[in-house]
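Below you'll find only one chain, the form predicted on its own, shown as structure tokens.
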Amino acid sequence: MAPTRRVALITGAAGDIGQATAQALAADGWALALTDHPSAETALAASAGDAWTATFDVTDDGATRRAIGECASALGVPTAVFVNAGVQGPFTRIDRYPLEAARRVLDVNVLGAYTTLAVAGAAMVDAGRTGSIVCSASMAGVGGAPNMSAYSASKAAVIGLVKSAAKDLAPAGIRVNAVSPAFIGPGAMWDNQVAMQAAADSPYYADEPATVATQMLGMIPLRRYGSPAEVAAVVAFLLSDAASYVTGTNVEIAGGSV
């Protein structure tokens, strides 16, 4: 194994943003380790090409450690990590929100991100490697989103996690940043959000998906949704040496919305 090989690991790699980021990093010459939950194994295999792949649950710290260790054995220690695995959860008012569903969202989006970041950071430190970690946050974590209390809370926590981890890992030469997309489409993520907001019986949105889509786009000064490729371009920049003086930052990919 060549010591100069650049290895990038992506969690949640079967999703729209994960796939777009894999394509962007492959174009930049990274060797790819693509991972997702076991339930996404078929989708991951279909999109992975020649990349190394693994399936595991990010809420299982033992499985996370094994996967990153196996990646290091197969390709080398990943020095670019995109912590992208996450779930949206149901869409409903907080007074109606199922607490078990809230626990699941927080478990995956907060503890899963924490574990992946901590294990990947430890692998780099132990190997004496500098690197970069980017976590998926969201504009829902910046300003809050109606009917998405657990998701909004989880992504706000990710932003706080990144700011703390950036300070902890800076002495080792490891940068940590977050990206916060707003409405991203087309794709399953956009379709799901539009449909679930329409069904949420909310004073903020209509009850018909096409109208909800128009309402959402009306909130964006650029009057369009962003593409997964546009998110991936920012992630690829933050993982690259071109962003060598950027750490502890949350980059809003939001078309001007706040």
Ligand SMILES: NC(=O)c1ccc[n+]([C@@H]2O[C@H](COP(=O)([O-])OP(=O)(O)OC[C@H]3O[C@@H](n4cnc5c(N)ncnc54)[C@H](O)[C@@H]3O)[C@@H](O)[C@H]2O)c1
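In this text, all values refer to a predicted model and were calculated from it rather than measured experimentally. Just count from 1 along the sequence shown to find any residue number.
Just so it is clear, the following notes concern the form predicted in complex with the named molecule, a form of the same protein that is not shown.
What is the one choice in 105, 120, 165, 184 with a heavy atom within 4.5 Å of the named molecule in the model of the complex? By the 4.5 Å criterion, the partner-contacting residue is 184.
189, 220, 31, 200: which sits within 4.5 Å of the named molecule in the model of the complex by any heavy atom? Of the candidates 189, 220, 31, 200, 189 is the one lying within 4.5 Å of the named molecule in the model of the complex.
Is it the case that 16, 86 and 136 all touch the named molecule in the model of the complex, with a non-hydrogen atom of each within 4.5 angstroms? Every residue of the candidate spot has a heavy atom within 4.5 Å of the named molecule in the model of the complex.
is_contact(residue 58, the named molecule) in the model of the complex, heavy atom dist at most 4.5 Å: So residue 58 counts as contacting the named molecule.
Could you tell me if residue 91 has a non-hydrogen atom within 4.5 Å of the named molecule in the model of the complex? Residue 91: no, not in contact with the named molecule in the model of the complex.
Contact flag, residue 37 vs the named molecule in the model of the complex, heavy atom cut 4.5 Å: Heavy-atom contact with the named molecule at 4.5 Å: present for residue 37.
Out of the stretches listed (126 to 134, 68 to 76, 93 to 101, 151 to 159), which one is close to the named molecule in the model of the complex, meaning heavy atoms within 4.5 Å? In the other structure, the partner sits against 151 to 159.
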